[in-house]
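This document starts with one chain, in the form predicted on its own, laid out as structure tokens.
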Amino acid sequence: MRVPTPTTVAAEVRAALVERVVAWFQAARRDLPWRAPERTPWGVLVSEVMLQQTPVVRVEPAWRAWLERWPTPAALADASTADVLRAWDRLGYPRRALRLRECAQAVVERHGGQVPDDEAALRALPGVGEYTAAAVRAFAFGRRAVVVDTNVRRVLARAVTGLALPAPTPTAAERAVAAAVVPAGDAAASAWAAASMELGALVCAARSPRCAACPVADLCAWRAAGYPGDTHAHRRRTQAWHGTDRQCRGRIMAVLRAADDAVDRTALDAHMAATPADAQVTRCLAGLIEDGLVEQTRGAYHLPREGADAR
């Protein structure tokens, strides 16, 4: 299938797509705390990091607790590693928590404790990539940015390109189409960014799209083509959760977060329902230590200790 280019996406189609999706968003948007009028750029940045590969329902309570404890980059910059990992709790991919603290430290050192609104400055922060920088610029500062997450990619793939799902990894042509659809003005562009993400999350879902509720169903190229199948299905990899190293690492972290003292291998194996010879637990412990998420002292394991706690 020929992928549309910025010049082949008609201006009137782009305008109608944006206008209708933004109007739909005004009525259908979820009431999320990082969208509130009193939100801060730091709060938006924290939400974007937490929402990476983690659903909103798990992020919202963690985000509220995190911002209550560390309402500014300066507050988080001084936090201990153990406190940060415990506060991250079950959000998954705990290295994100440490990167977020590194980001806070960089904001303090480079920007006087204020999250910058410049996209290049944002991307220079630890743990902030192209998407996160664009999202913070749009949602925290109301500035024009090309915000393209999984939801936006899916909306554009279907509505504009006519594909069931986008390619496993973004392409230059896909980004060009996304940039072409973004309105020129700051306010309109930031509204489109939020609205298109919400449409992908609530209506244009990956597995069960609610086409009857879609505000742009009549403009959708995928619908007009008769809902063709996923042309990239053979390239997608799926992995079961149960029994994976990621699950094992998560269980180890849960045991250590809940422990007041270091946990020896015998006690850890008892919690894990594993045996001392369990190679997966050994491998995952080694990986967690290498990642700086776990330390070993005199044969027992614990969250990283600093200062007096390290003695």
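Values in this document were obtained by computation on a predicted structure and should not be read as measured data. Counting begins at 1, following the sequence as shown.
Just so it is clear, the following notes concern the form predicted in complex with the DNA, a form of the same protein that is not shown.
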property: Contact check for 197, 246 and 249 against the DNA in the model of the complex, heavy atom at 4.5 Å; result: yes
property: Candidate stretches 108-116, 182-190, 206-214, 70-78 - the one whose heavy atoms come within 4.5 Å of the DNA in the model of the complex; result: 206-214
property: Partner-contacting position among 62, 28, 32, 267 - heavy atom within 4.5 Å of the DNA in the model of the complex; result: 32
property: Heavy atom within 4.5 Å of the DNA in the model of the complex - residue from 56, 285, 262, 272; result: 56
property: Close approach of residue 226 to the DNA in the model of the complex, 4.5 Å, heavy atom; result: no
property: Partner proximity in the model of the complex: residue 130 to the DNA, non-hydrogen atom cutoff 4.5 Å; result: yes
property: 4.5 angstroms heavy atom contact with the DNA in the model of the complex for residue 154; result: yes
property: Partner proximity in the model of the complex: residue 99 to the DNA, non-hydrogen atom cutoff 4.5 Å; result: yes
property: Residues in 88-111 close to the DNA in the model of the complex, defined by a heavy atom within 4.5 Å, in order; result: 90, 91, 92, 93, 94, 95, 99
